[in-house]
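Okay, here we've got a single chain as structure tokens, the form predicted alone, with questions on binding and movement later.
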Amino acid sequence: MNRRPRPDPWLLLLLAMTIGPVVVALGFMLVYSVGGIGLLSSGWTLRYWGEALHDGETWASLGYSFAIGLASLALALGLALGLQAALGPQLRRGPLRSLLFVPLAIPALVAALVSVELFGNAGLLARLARAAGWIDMPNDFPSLLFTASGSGIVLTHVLLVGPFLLLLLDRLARHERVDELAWVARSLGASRWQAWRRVTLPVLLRAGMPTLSVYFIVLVGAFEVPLLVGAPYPQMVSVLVQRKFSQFDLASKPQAYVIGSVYALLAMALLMALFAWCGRRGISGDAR
């Protein structure tokens, strides 16, 4: 009689340490949002959900967050793909490879402060433009930060995420042997551009899809950069949750948990859908 294999205790410990806190936090938010706990709790109610879901700011913030996350990821990925195609093997040797790791060590808070010093109306670029005679005063420099379009958020995220994606693409290119595949395509008559567009690009995107999906959710839920260089309205969902949670009115705290719960559920549903799609297409994202 065959015995069922016993689960690996180390795997159970890993799941408890990674998934456990997420489940507990989500459960706490859901219970708080329906009045189960809280300083002003008077019993179970869906009133806070109704107030939050009928507030146009909630959906504007969610849509804005997903739009900013998508724009940041798309621009960072486009920059990384362009540099990977242009530099190729140069990414794997020399000081350039070491320099690409520097942005990975910069916290998002520091990156936002650097953006203010570089791209602000009184920042370094504005002063250089004034010194070059391109503008009369530093305040005439185009507004890149604190705009409703989120240009400052996107710009900062691109500078932070771009080097990581470039390293990821280089690793995937070696693992998937895209140079060899491109060489085969060119030997069959394809031009360099056709080989990159029809062979290299699809292979890299297919292999990197799981990582890109997770990074997209991370960018949607970013907090430090939108808080420091974003506009007062619309706000990204993390900043909106923090604002409602820190208001003097304690009645706004359950709404903050409602918005946080909605975002968490949407993010998990999107990730599950993307991973299911990757599974059906046989995409593993293994870049060993």
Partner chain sequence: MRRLLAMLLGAALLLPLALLLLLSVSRQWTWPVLWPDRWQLRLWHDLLSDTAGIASAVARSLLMAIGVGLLATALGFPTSRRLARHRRRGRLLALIHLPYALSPVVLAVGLLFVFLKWHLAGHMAGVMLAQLIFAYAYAVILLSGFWNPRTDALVDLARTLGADGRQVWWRVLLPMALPMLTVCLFQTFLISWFDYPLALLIGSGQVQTLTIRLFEYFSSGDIRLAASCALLLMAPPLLALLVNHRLLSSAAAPHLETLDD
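These figures come from a predicted structure and were not determined experimentally. Take the two forms, find the largest set of C-alpha atoms that superpose within 1.5 Å, and that set is the rigid core. Positions refer to the first chain, counted from 1.
Another form, the form predicted in complex with the partner chain, is not on view; read the next lines as being about it.
Contact between E57 and the partner chain in the model of the complex is not found at the 4.5 Å heavy atom cutoff. Taking the partner from elsewhere, A67 is found to have every heavy atom lying beyond 4.5 Å of the partner chain in the model of the complex. In the model of the complex, none of the heavy atoms of P234 sits within 4.5 Å of a heavy atom of the partner chain.
None of the heavy atoms of G78 is located within 4.5 Å of the partner chain in the model of the complex. By the 4.5 Å heavy atom rule, the three marked residues Q90, L100 and L104 all count as contacting the partner chain in the model of the complex. Stretch 113 to 121 is the answer when you ask which of 67 to 75, 196 to 204, 113 to 121, 178 to 186 has residues with heavy atoms within 4.5 Å of the partner chain in the model of the complex. Scanning 125 to 152 for heavy atoms within 4.5 Å of the partner chain in the model of the complex gives A126, R127, L128, R130, A131, I135, D136, M137, P138 in sequence order.
Once the cores line up, the CA of G38 ends up 2 angstroms or more apart between the shown form and the other one.
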